[in-house]
Every structure is written in structure tokens, then in C-alpha cells.
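Take a look at this single chain, the form predicted on its own, given in C-alpha cells.
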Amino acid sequence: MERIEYVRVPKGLENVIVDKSSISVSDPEGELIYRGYEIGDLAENSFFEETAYLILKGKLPNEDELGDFISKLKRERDVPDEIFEIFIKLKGKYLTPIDVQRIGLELLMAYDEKWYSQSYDDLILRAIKIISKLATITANGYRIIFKNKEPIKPRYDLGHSENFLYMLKGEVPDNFSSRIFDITMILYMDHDFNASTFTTRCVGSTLSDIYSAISAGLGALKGPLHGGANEKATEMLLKIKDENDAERYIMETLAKKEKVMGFGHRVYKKLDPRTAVAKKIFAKILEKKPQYLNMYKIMLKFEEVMWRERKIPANVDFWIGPIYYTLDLDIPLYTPLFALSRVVGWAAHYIEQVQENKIIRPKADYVGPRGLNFPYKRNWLSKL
């Protein structure tokens, strides 16, 4: 019998290439590319629907393709009223907004007669459905369960980002706010084989349905070592009074060997390229909202001290969380907002996985005992 040679890899699969993908790539030197396009170029010049098409289809759309894609997204905005009725019954329960996204997504499957289909065309339609409806679920689930407000029907004359903010707040956002929010959605849309994406691909590799796979991705994002940094970083910054206080806080935190939220990344060791875009966004916000200048100075001081002391750069969450804060978005929503964008990447990775599939099934290095004898001789089989 041929002996199997196992390959030992670092714990956590750090720096291990496990498969190929044409969707996105991040580079430790500070580069992020979606389907060949650099993230800064897309953030500056594209918009949510166009970048989503690129991520899903692998190319930029022409005018007709983009119009058709946007129309399909708009047609899928409605969510069955029964789902909102279930949300009403969940008021006061021990849920986070991410849990509400997962519950709503799983319930959507019950209304999709072709939820099981693995054909490429059907999966693209499922992806459009999930991307669009998850926005409605997120906005209205938050309104119902956490704000005790009535759900708001989507509007079909608004773009994806505009419509989400409208459903969340009950008023159409100004062009500045909707554009800022739209750019953050582009920054979060994909990031190669991060934990939630790899989770989605693992589930997809069993040929489970796309709803279940993306729900699993949401579950991975809920973990504080993956999602949540934008929320924690913002909460941290709101406690800091000024630049001097920022330096004191960092030095005390490092002395206690505790983590400074919003710093460090599994991939980027010099620069998170999304941070460069986010800093430009914040500078634009200051032109209209100078009251956030102190926060901006505090954040620059954080970057300065963390690089001086540990050579650790800020990651995108350090800047995106405060950007959401300036847009008057509630902090518990920041990770779900991440998911509203990343769902595009999850869907694309699911589709890529199942098109050329092999089940993901690694081996563990067993370090437990062997040869133990069970102490109780009950002999069940002999008594049957």
C-alpha cells in the first residue's frame, strides 16, 4: 500500500497558498487588486454597482450590461413581510446585528425555489438577490429590533448605497454622504482568502447552497479577531481627549502587552492600501465637518506612535469606523456594514469555488493518547 506523505503547514495556514483565484489579491508591500484593478483606482473612479459587477463577472460592464445589472439589483430589494414579522418577535432577545443578518439570509432561502441550483447563471441571480436583499434586511432588521421603529420600503430611484442609508434613517442622504459611504463599500468588497471568505469557500466546497455558505461567512465575521475592529477602534478613539492623551494611552496599552485596536494586519506589514483612501475620505469630511478635526489629529498621532514604537501600520478599520461615525451611523452597525459590502466577494468566491470544485478537507496532526481501554464492559452487541 502506497504511503501517504502529509504536508505540514503553519498553524492558522499563515502564508500558505491553498488554491488559486482570479478575484482579488493582497500584497504585504501594500497592494490590493480586484480583478486586475488597483483598489485606489476603483475607489476614486468606480461605484458600488459597477465594482460589484466586476467582482462577480470578472470584467467591467459596458453601458447595457451595467444598466441590466442595476435593474436586477433594484428589482430584488423587497423582502417578504413575514421576515419582518419574525424580527418583531425577536425584540429584546440576545442578538447582535450580525445575527439578524444571518437569520434574515437563512429565511430568504425559504422564498427561493431554486436555492439549490449550482448552475453559473442561477448562482449569479442568487448573488444579486442576496446582495440586494441583505441591505434591506440589515437596515430594517436594525430599525425593528434595536431601534423599535417601523421598517421602511426600499426606493427604486436610488442607488444601492443611497437606498440603504434611506431605509436605515428614513430620509434620502445628501450626495456627499452617499458617495462617502459608497466608497467605503468598495474598500470592503473583497480581500482574497480572509477568514470569512475561506469559511464561505469551505462550505461551498461541500456543494452546500450559496445561502448557507454566506451565512457561514457572516458567522466567521462575527468573531472579534476578524470583524469588529472598526467598532472597537471607534469606541477607543472616542475615549481619547487629545494628541497627548493618545500617546499616553498607547504607551500604557503597549506596556500592558494589550492590543491597540485598528493596528496590525495578517497580510499588510508596511501599509494597508485601503487606509490611504480612507484618510483622503476623512480629509474631505473635514472640509464640511471641521468639528472632527480633533479626532483626525488623534488618529494621526496613533499612527505616528504605533509606527515609532512597533512599526505596525493602521489597518482600514481604524479609519473606516470613524468615517461611519462622522456620517452619524450607530457603532453596532459597523461590522454589519462591512458584511453588506463583503457579501459581493463571498458570493464571487462561492461561485468560483463550485465551478472547479474539490472539497476542502485538511488533516489534523493528532497529539492525543492512543491505546486506551474503555473501562466499562457493557457488551451491547452481544445482548441484542
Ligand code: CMC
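Quick note: we count residues from 1 along the sequence shown, nothing fancier. Computed from a predicted structure; not experimentally measured.
This protein has a second form, the form predicted in complex with carboxymethyl coenzyme *A, left out of what is shown; the following refers to that one.
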Pick from 282 to 290, 152 to 160, 74 to 82, 226 to 234: which stretch has non-hydrogen atoms within 4.5 Å of carboxymethyl coenzyme *A in the model of the complex? 226 to 234
Should M261 be classed as touching carboxymethyl coenzyme *A in the model of the complex when contacts are defined as heavy atoms within 4.5 Å? yes
Using a 4.5 Å heavy atom cut-off, state whether V316 contacts carboxymethyl coenzyme *A in the model of the complex. yes
Could you tell me if I86 has a non-hydrogen atom within 4.5 Å of carboxymethyl coenzyme *A in the model of the complex? no
Can L123 be called a contact residue for carboxymethyl coenzyme *A in the model of the complex at 4.5 Å between heavy atoms? no
Please pick, from I144, A135, V203, M306, the one residue with any non-hydrogen atom lying within 4.5 angstroms of carboxymethyl coenzyme *A in the model of the complex. M306
Sole residue of A216, I312, L107, I128 within 4.5 Å of carboxymethyl coenzyme *A in the model of the complex, by heavy atom: I312
